[in-house]
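We begin with a single chain expressed as structure tokens, specifically the form predicted alone.
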Amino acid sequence: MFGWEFPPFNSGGLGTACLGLTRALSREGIDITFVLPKKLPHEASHVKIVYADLGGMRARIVNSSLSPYITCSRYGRAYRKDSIYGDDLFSEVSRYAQLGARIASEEQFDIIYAHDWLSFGAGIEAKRVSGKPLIAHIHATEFDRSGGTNVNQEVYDIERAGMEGADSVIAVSQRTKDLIVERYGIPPEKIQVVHNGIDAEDMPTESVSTSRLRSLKDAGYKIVLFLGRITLQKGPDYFVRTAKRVLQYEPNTLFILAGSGDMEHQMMELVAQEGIAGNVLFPGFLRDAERSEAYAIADLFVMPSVSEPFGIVPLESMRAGTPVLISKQSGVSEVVRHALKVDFWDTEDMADKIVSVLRNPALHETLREHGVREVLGITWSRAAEKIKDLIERIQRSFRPS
């Protein structure tokens, strides 16, 4: 299994999904060798971790911390042919593919599994040298990351080659499957939908003290939370514009825009332009206790994504007992019923729903109670069962070339 990140060294949901899936698959009796591009300390005992930068080629991927979530215009193209090191995301992906082939010639395995475009090259090379079948797992496409505009052609080509070269494709939602069929020309019968999930151990650790944000609640503020990458895909600009509308009716509301990304500075400027700087907080990227603290004090979590293949964070919020308002343009909206849903662009409707939750304790409690109960059935174990069935079907039909 090839991946780009693995907790605790992850910058988004891709790493979270890799952890949840590998843990659940191991409980299903599947032995996993997980390949990462760079050596980092970890505590995962359920998988064997292999690092591409320690392979026989001894070529270290020096920039593997480059984020897969930046907008396409900033991927960079600074590859130097006379150097063993990559200077940008594309050359890192290329380097990873080369090392993936070497690792595949050294490891014992039955199935190759690659997560997203960053790992597809490594998966294809592993298939080439081993002749073993390949599963490509699509967590997001370039159309999602770019918001449907200014798609990076090189990323698109890598994604398409990975899906065409795979023996089977996994999509995290029906929405994603439909996009893959329409935009990449992949036959629908080749694609299986496996929704993401959440388990109890996925939840952030409880905070020792919630005094920093709790003091705001004690002062009488309502709190609305955005928690995710501050990028075009996640719709932070719609969140800010909605905040201005809500404040016209509920001036004692604080909006927390938690996360980091290439639109962070732009959002700070937008908040200032809208004249609501006193009601919007930018705490940065939250982990563990801080993340738990944010869920604990929020009256409502909002995910206004422009194009969200799935969206794990709403499940975390529901599990923590915080009601959620999610974009209809998200895969998670396919599996949750006890959540408010809105078109990402409809800031008026979004504001109306936020105000309703803030003003109506009965609505808040109903969403909280039913949400906690519903999310208990949306697990990684359920996802792993589907993937195990797929693996067994592939093994039965596979004939070595």
Partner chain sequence: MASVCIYLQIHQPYRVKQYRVFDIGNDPHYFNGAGEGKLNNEWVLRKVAEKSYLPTLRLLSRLLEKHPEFRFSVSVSGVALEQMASAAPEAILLLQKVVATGRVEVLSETYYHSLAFFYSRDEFERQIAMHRAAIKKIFNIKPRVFRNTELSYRNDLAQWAEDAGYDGILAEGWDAVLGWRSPNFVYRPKGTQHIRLLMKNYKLSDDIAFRFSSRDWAGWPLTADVFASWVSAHNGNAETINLFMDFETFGEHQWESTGIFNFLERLPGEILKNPDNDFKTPSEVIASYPIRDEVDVPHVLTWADTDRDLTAWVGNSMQRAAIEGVYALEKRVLASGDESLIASWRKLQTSDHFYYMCTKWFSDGDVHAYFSPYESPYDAFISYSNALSDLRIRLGGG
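Treat the numbers as computed from the prediction; the structure is a model and nothing was measured. Numbering follows the first chain given and starts at 1.
Beyond the structure shown, there is the form predicted in complex with the partner chain, which is absent from this document and is the topic of what follows.
- Message: So in the predicted complex, is the partner chain close enough to Val372 to count as touching (4.5 Å, heavy atoms)?
- Response: No, Val372 sits far enough from the partner chain in the predicted complex that none of its heavy atoms falls within 4.5 Å.
- Examine Lys38 and determine whether its closest non-hydrogen atom to the partner chain in the predicted complex is within 4.5 angstroms. Residue-level check for Lys38: no, no contact with the partner chain.
- Item | Heavy atom of Asp31 within 4.5 Å of the partner chain in the predicted complex | So Asp31 does not count as contacting the partner chain.
- Message: Does any part of Glu334 reach within 4.5 Å of the partner chain in the predicted complex? Heavy atoms only, please.
- Response: The answer is no: Glu334 has no heavy atom within 4.5 Å of the partner chain.
- the partner chain in the predicted complex reached by all of Arg214, Met268 and Ala277, non-hydrogen atom within 4.5 Å: None of them does, since no heavy atom lies within 4.5 Å of the partner.
- Of the listed stretches (293 to 301, 229 to 237, 186 to 194, 244 to 252), which one has a non-hydrogen atom within 4.5 Å of the partner chain in the predicted complex? Comparing against the partner chain in the predicted complex, the contact stretch is 244 to 252.
- Message: Within 4.5 Å of the partner chain in the predicted complex, counting any non-hydrogen atom, which residues from 319 to 336 show up?
- Response: The one in contact is Lys328.
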